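Consider the single chain below, provided in structure tokens and representing the form predicted on its own.
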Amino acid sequence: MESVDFAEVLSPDPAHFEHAVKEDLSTIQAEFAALLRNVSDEKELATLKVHLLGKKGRITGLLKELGQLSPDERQACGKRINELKSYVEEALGEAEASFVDRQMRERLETEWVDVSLNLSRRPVGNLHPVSQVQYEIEDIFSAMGFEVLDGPHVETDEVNFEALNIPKEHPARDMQDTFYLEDGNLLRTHTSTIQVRGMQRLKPPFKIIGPGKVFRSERIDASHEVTFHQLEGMMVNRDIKVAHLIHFMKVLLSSIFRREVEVRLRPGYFPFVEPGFELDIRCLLCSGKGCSVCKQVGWVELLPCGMVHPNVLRAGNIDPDKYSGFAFGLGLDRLVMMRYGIDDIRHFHSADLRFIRQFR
């Protein structure tokens, strides 16, 4: 439909105003009705409204010139003009509402959604099971007043070994096949490095944990990986005893497994603790009968721990004559395997999304 030139059709009568206001206003009304029927969109409707009711519109102009008439003529013509104005305003309002209704119907026709359909949603990602358990352990220790620390993956020999009472010729270095870098640094072999940096920064008393990745040149099998996860913990204060260590370990394990688990403490040698212990957990995969994860012995080495060696406290600028503490190192991967019944540590780095999606 061709657009209508409202300005031309509804232009003021060039005759004298007295003649204009006395003309048959029903003619203007009829012209308006005809033009309104040809309006095709809201833009044309707005143009028609401006030419009739705008500041320079035809009806507005008639109202402005009423003052030129005599009182009797002014009253009679004013009434008729206002009646026409009310008619136009009402008709324009109905037309505008009709356009809005038509637009809504068109949107409903094109944008409708059948809410009764069972549409499959795009799957969303989820946390790795190791991350899930790590965050849970962080919450457990945070509730007990521990601070969660972090540290770099690339470490110095001083922090990774010597500050932990492992000098260069110490045989304990042979227990950890280390990745050395060309600049003399190395990939950390345990998260105990986070404890070292924590001691250097904090003043006792303090309680800290340090989760993260560690790296060793291991022979990969069902229970060993080159890259794996640990969580170290330490508490330093006056008069800390082995009983404090046992208490916190029991709280941790019962919270993680949501039930009582059978554990055992064995004497263990670690240069950074004295005395040292190995905390083993009864294998939850085979109930102690023997499997590939527990190497057929029924127990899984889970948590080396002990009282912090005085030399380690000194390396952290802490006086061992005033303070004592306990420390432990938790194998996160093995803990996750026990919790979820995973029989091969290599699944954690397999990049198989089917494995990850099981832990939503």
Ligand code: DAH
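Since the model is a prediction, treat every value here as computed from it, not as a measurement. Only the largest set of C-alpha atoms that superpose within 1.5 Å between the two forms is called the rigid core. Don't overthink the numbering: it's just position in the shown sequence, from 1.
Below: the form predicted in complex with 3,4-dihydroxyphenylalanine (DAH), not depicted.
Contact annotation: of the candidates Lys85, His170, Arg216, Lys213, the single residue with a non-hydrogen atom within 4.5 angstroms of 3,4-dihydroxyphenylalanine (DAH) in the model of the complex is Arg216.
In short, of 144 to 152, 88 to 96, 266 to 274, 219 to 227 it is 266 to 274 that has heavy atoms within 4.5 Å of 3,4-dihydroxyphenylalanine (DAH) in the model of the complex. A residue is said to contact a partner when one of its heavy atoms sits within 4.5 Å of a partner heavy atom; Cys305 meets this definition for 3,4-dihydroxyphenylalanine (DAH) in the model of the complex. Proximity of Gly316 to 3,4-dihydroxyphenylalanine (DAH) in the model of the complex falls outside the 4.5 Å heavy atom cutoff.
Within 4.5 Å of some heavy atom of 3,4-dihydroxyphenylalanine (DAH) in the model of the complex lies at least one heavy atom of Gly329. Residue contact with 3,4-dihydroxyphenylalanine (DAH) in the model of the complex: Arg197 places no heavy atom within 4.5 Å of it. For Met307, a C-alpha deviation below 2 angstroms is recorded between this form and the one not shown after rigid-core alignment.
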